[in-house]
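Below you will find one chain, with nothing else, as structure tokens; this is the form predicted on its own, and questions on how it binds or moves follow later.
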Amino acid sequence: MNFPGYRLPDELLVLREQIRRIIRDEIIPIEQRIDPDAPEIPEDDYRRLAVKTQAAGLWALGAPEEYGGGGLDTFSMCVALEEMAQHRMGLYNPGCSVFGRYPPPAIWAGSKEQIRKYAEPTIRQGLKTFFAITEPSGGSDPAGAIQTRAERKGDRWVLNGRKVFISRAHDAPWGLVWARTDRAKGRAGISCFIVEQGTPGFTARNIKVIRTSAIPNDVTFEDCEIPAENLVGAEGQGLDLAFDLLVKNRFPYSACNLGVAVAAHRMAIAHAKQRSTFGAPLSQRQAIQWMLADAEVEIRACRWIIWEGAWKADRGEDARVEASMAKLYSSEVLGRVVDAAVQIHGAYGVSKEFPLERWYREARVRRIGEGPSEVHRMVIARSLFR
């Protein structure tokens, strides 16, 4: 039996090209005329392009079709996000959100009313959302780290505690919060809740970090009362929902790492072709050639690691180890590829005239966010000895 090998379906190739054109013809020119550290593009540009992507059927591609999305699976979204991320803001604001925004995946475990009230408007209107798991005591081990409490009082839940590094908690209209509802039950005593912006007792304060998009926040809950119906899923189901969310997020997260690495690598190749030193182009220097060759190999390997894991997730199989592999490798490849691109560009590499400077800063965060590299290595190693 002969196997001809794998190639992307024609429909996905067309979709990728559509996204590529919007990024290169619309997003990048806008970014070139605004503050290089801007977290988002101007509102009028956002609305103009959002209308354009909606008309083209490119809006909310990863959301279920029944709620107005494109219904793409995890693998297809990884292909799409690799393209969406190839611009200055791409790591933390892929496509500058002109292709839509998504609610935290855990909301799909909620009631029909919760989906109607929160998930559908988020998809339809491109609303920002947040999810709050990480606490001062840690984020990689939610089963042990979560100290925020939720106490049932009549028809209300009362939240008390603190979360840290919660992206968009200051300006998103709603989000999901994980809290401990029964200390005696350990892992089975954690639940998930919907909390709306402006709820008394809920406050979010920006934390200044080296990235300027998806601003993280220090969030506190002081006798924060929410309706009983804001419980998502069953009481005690929170940890399962958290792990499901984290696994599902890691493949798209990794695809964005890959996309920015691809863009940085492309810039480095172009610069090496046109920049000459001592009478010869950089592209003829073996030191530069080897840097670019290593980057090319790592980018291609990274893509297949992401794809393999995404396929497994789409088949409904346990893809936790593959998610850790994708996140670990993509974040570290991103760092190495961007670092090489900066070196090849010389002083221009750290100039805000080019996106490399921003990618260089933000890439460092990617080895921490969504679980640090050390934790993912631990997950992978454990799987080897089962």
Ligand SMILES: Cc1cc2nc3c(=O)[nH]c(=O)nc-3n(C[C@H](O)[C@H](O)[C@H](O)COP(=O)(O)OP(=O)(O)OC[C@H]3O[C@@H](n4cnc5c(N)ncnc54)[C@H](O)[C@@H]3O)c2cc1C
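Counting begins at 1, following the sequence as shown. All values derive from a computational prediction rather than experimental measurement.
Quick note: we don't show the form predicted together with this ligand, though the next part is all about it.
Taking a 4.5 Å heavy atom cutoff to this ligand in the predicted complex, the contact residue among 252, 216, 233, 126 is 216. Site annotation in the predicted complex: the residue of 97, 140, 237, 76 reaching within 4.5 Å of this ligand with a heavy atom is 140. Taking non-hydrogen atoms only, residue 114 never approaches this ligand to within 4.5 angstroms in the predicted complex.
For residue 12, no non-hydrogen atom is located within 4.5 Å of this ligand in the predicted complex, even though that partner is not displayed. When contacts are judged by a 4.5 Å heavy atom cut-off, residue 131 counts as touching this ligand in the predicted complex.
Using a 4.5 Å cutoff between non-hydrogen atoms, residue 299 does not count as a contact of this ligand in the predicted complex. Stretch-level contact analysis of 158-166, 258-266, 182-190, 305-313 against this ligand in the predicted complex, using heavy atoms and a 4.5 Å limit, identifies 158-166. In this stretch, 292-319, not one residue has a heavy atom within 4.5 Å of this ligand in the predicted complex; the partner itself is omitted from this view.
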